[in-house]
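Same chain, two forms, each on its own as structure tokens: structure 1, then structure 2.
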Structure 1
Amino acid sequence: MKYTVVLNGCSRNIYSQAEETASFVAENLGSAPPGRCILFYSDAQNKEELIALSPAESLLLVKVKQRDPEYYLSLLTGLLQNDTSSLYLFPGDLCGSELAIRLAHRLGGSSLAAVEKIEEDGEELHCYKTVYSGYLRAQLSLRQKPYCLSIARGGDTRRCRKAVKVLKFEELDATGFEKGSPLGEPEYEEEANGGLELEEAPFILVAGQGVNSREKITRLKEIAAEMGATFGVSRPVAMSAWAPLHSLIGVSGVITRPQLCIAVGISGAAAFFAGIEKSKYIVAVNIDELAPLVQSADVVVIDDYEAVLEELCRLIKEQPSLP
């Protein structure tokens, strides 16, 4: 199976990316023909060091000016127009997972995040990953090529194969490539998230498909900021492109552990609930009394979420000393 690895040399975790990717390639693709690596970078001083991190014999080093998923995605879409790889591997950080899912959509393929192991079987690719907060291991089969996968983070790198000798080397200067970046790279969004990632946030506000529109999602993000909460979404919201994928909560996104989680417009499918089940308190605001999340929440409000949140936001502003 022909494969291509995509690494983000602009990221602060490039070394762990390279180690985990090399380990994954060695364990799963050791008998496959030599692959290719596309490596983005911005600092020319680190170029030689980055080249040594390549897990493939063929390397395309791409110099970039911007550092965000939208920019990388546009570059990759152009670079891969005539590419014949059936498998694209991305690191397991938030940027890598977002790229894997969105690139698969553009190329007409299939995607999966946080994959631990793969097995090719004829016209299918069997992927293994942990689900439901690590309690179960799932086998998921992909049929539509190309396969775009992000690798599970924190894998065993003790048997990691050392970077191979690069036999084919090309460079591309893409610093003149202009593309807007409406999403921004999650890794650098400290100001937007108040310095808190979803995994660490003590208070989160999560919106689901019941919110019904991109405009209302934008308003909910504003309300979250006014309340001092970190904003997240369910999978249907992220897949509708109403919010960036780094805000996705659930099995294929972020697993949270807040003191308080307010979930609005969310039915509460098991894949989503796995992302919030470790919350100390869960508040569900919904108009559907039979929604699964309503049955599991600590506090339930059966009402229009807009009125409830606007009033709650007002109360919090009036009593800033509330814990």
Structure 2
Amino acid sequence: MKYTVVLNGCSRNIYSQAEETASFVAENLGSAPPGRCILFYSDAQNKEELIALSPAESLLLVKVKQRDPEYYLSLLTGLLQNDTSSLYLFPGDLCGSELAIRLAHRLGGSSLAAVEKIEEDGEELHCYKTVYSGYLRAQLSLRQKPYCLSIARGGDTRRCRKAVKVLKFEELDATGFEKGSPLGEPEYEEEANGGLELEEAPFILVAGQGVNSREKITRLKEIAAEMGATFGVSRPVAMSAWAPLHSLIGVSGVITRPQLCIAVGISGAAAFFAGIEKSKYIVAVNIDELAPLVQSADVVVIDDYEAVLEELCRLIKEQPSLP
């Protein structure tokens, strides 16, 4: 199956985009002929570094003047007019998942977001993804080519992948592309401390609605810092604006993969659990023995989180050799 990967090199999450798509390609398209990558970038990026990230042997670097999905989409629609790929792969981040669905419509194909695995079967492409708010896994079959898919985030990117050497390299300067976006150019505000830190953190402390006030969330954030953990929250806490949006963990936020995750006052809804599922070790602290997270954690403390965490923090701080 001829495939093309599309990456947004203007975004600081480009490393996880590249890793995620590379491991998807390795696991699902190992026997397909070498694919192609289209990578958007701007003056601000280091070109050599971007080239090294390509998940495919053939790379088209497209220099852009704007970094929003609507603009990319106009460019892609023009670029791919005569392209014969039957599969377009996008990372599962906000930009990629938007592009996949909209591009499919423009190319007359079919699309699916957050796909974990694919199998080609004659005239159909079977795709696996989670549905029912993350409680079930579905097999959904697409028939209309080209298939435009965004990849489920949080795939196993730690498995060492074969370095791909770029053999064919082209460049396109699209900075003069005027038809661009019907919306005009948006202003971009970089987030001081995006979710990127949380994504990479080896040790995280996550607080949920059981921690039920701004003050208590603030205290737990301090405890996290004292223990050497990066702090995250569940959706209700972020929705109450007790913590910034970028610290939201789950399908609608950051997908983490720490060695150790301590989750307190969290029931463990599937949409949340997707964000900590890749943790090597999960500790849950909950007053309710029947909370779903109690079954999905490695070890649990059934008690009020406050006293447990204060004591735990004290013990960890006492240990001289710790972070």
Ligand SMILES: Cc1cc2nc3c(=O)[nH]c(=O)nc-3n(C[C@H](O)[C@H](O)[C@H](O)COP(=O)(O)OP(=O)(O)OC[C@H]3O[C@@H](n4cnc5c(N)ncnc54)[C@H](O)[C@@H]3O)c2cc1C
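These numbers come from a predicted model, not from an experiment. So that the term is clear: the rigid core is the largest set of C-alpha atoms that superpose within 1.5 Å between two forms. Along the sequence of structure 1, residues get numbers from 1 upward.
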- For this pair of chain forms, which number matches the form predicted together with the ligand? 2
- Query: Taking the rigid core as reference, does the Cα of I217 move 2 Å or more between structures 1 and 2?
  - Reply: yes
- Item | CA of T84, rigid core aligned, shift of 2 Å or more between structures 1 and 2 | no
- Task: Would you tell me if S240 moves between structures 1 and 2 by 2 Å or more at its C-alpha, with the rigid core held superposed?
- Result: yes
- Rigid-core-superposed Cα shift at A307 between structures 1 and 2, Å: 46.4
